[in-house]
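Just one chain follows, in the form predicted alone, and it is written as C-alpha cells.
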Amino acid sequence: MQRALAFDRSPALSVAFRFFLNVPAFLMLSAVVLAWLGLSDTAYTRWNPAVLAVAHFLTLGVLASAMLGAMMQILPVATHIHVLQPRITSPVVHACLTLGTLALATGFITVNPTLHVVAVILLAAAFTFFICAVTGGLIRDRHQRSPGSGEILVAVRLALLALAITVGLGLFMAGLRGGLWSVGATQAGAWLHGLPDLHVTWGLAGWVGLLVAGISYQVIPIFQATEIYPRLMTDTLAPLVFLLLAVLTLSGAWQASPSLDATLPQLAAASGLALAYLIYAVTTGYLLWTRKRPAPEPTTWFWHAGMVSLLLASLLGATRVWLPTLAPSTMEMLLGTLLIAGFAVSAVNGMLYKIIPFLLWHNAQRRAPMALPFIPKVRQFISERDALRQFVAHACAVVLFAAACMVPILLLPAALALAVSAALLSINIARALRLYLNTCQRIARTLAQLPQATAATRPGAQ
C-alpha cells in the first residue's frame, strides 16, 4: 500500500541534517586511510588494522550516520511515529557517534587500548540513547501510526533489534581490545573467534539490509515513480531475514570452525539469506527498470548500482557458504566491498540526493507565510549534472575496490576515486546548503519589508 507523506510532521532541519554531513567527511577519511595503505607494503586483507578502521569509518561514520538521520526524518513523515525529544536526541547521538567512530578507528590503527575504551563508552551511549528514543516513540505513538505503514514499522523494529545485537557484539570485542574485560583461554578457543563474523552478519544482513529494505518500500515508489513493492515481499522479507539470522546464529556461529565445518541448518540459513536478498535485489531492479519516468535520474543510477552489487554479493555469499575453501581471504574482501561500498553506500547516496534537496526546499517554504517567486525548486538545490558526476566517481571507486581485492595494486587508484566521490558529494551538499541559507536571508528581508509596504498602501499614506 502506497502512503501519502505527512510533511507537516517533519522535524526541524538540524535533526537529520547534521547526520548527513558526516557522510562525505567519513568517505574522505576512508579514502585517505586507504590511500596510505595503498602506498605502504602491508597486505590488503580483512584483518589489517587500516582495513578495520576503514570498515568502521564506512559502517559507523557513513552508513549509521545516514540511517539514523534518515530514521529521525522519515519515521514521523511516513508513519506518524516521532522519536522522543528529537532536538535533544539528535545532537547527543550525533556527537557520541562521531567521536566514538573516530576513537574506534584510531584505536585500530594505533593499537591503543585507551581509545577502544573511549569508543566503547561513546558508542554505547550513542546507540543506547537512539534505540531508547525510537523505541519510546514507537510505544508512545503506536495508536496514531498512519494507515498502511505496517511493513515499514516491522522492518524498522527488526532492524533496531539487529542493531542492538550488532552493537552488543561490537562493544564486547572493543572492550576486549581495551582491557575492560577478558575471557579465559579455553572459552576463547571455543567460541571467541566466531564473534567477528557474527558481528558482520548481524550488522550487514540485519541492521543495514533490513533498514534499507524498509525505507525503500517508501522512498522508491514515491521518489522514483515506480510501482509499489509486492505485498508478499513487504510482509515477509524482514521477518524471514531476522528468523534466518537467528537460526544461523544458534546453529553454528559458536562452533570451533564455522567456515570449514558448517552444520546443515547453518548452510540452509545462510543460503536462505542469500536467496532472500537476491529476490529483493531483482525485484527492486525490476521496479526501477519499469519506472514511469522514462529518463533515469542520478539517484536511479545509484539504486541500480546498489542492487547490482547486492545481487552479486548474494551470489558470492552463497558460493562462499558451500565452497568455503575457495580463496577465503579474497572472497571475504570482495563480499565486504560489494555489501558496504557497492550496496549500502550506493543506496545512501541515492537517498541523500532525494532527501537533502527536498528537506532544504521544504524548510525554506516553512519560513515563508506566502508563495515567494524566488524560492528555488527542489531540483535547483542539487543539479542532476552535479549528482551524475559524483555517481560516476562513486561507481569507478566501487569497481576499482572490487578489483583491488584480487589485484592489490589497484587500491591506490580506488582510494583516489573514492576521494573524488567524497569531494564532489561535499561540494554538492555545501552548494545546496548555501542556496538554502541565501534563500532564508531573502525571505527574512522580504518579511521585514512587509509591514512598511502594508502601511504605504493605506488610505492617506504618502
Ligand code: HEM
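All residue numbers are counted from 1 along the displayed sequence. Quick caveat: nothing in here was measured; it's all calculated off a predicted structure.
Another form, the form predicted in complex with this ligand, is not on view; read the next lines as being about it.
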- Task: Have a look at 430-438, 414-422, 30-38, 48-56 and name the one stretch with heavy atoms inside 4.5 Å of this ligand in the model of the complex.
- Result: 48-56
- Message: Checking a candidate spot here: are 154, 230 and 277 all in contact with this ligand in the model of the complex (at least one heavy atom each within 4.5 Å)?
- Response: no
- Might residue 177 be said to contact this ligand in the model of the complex, defining contact as any heavy atom within 4.5 Å? yes
- Tell me, yes or no, whether residue 123 is in contact with this ligand in the model of the complex, where a contact means a heavy atom of each within 4.5 Å. yes
- Message: Under a 4.5 Å heavy atom criterion, is residue 309 part of the interface with this ligand in the model of the complex?
- Response: no
- Looking in the model of the complex, any heavy atom of residue 76 within 4.5 Å of this ligand? no
- Ok, 302, 381, 207, 130: which has a heavy atom sitting within 4.5 Å of this ligand in the model of the complex? 207
- The single option of 138, 200, 118, 244 touching this ligand in the model of the complex, heavy atom within 4.5 Å: 200
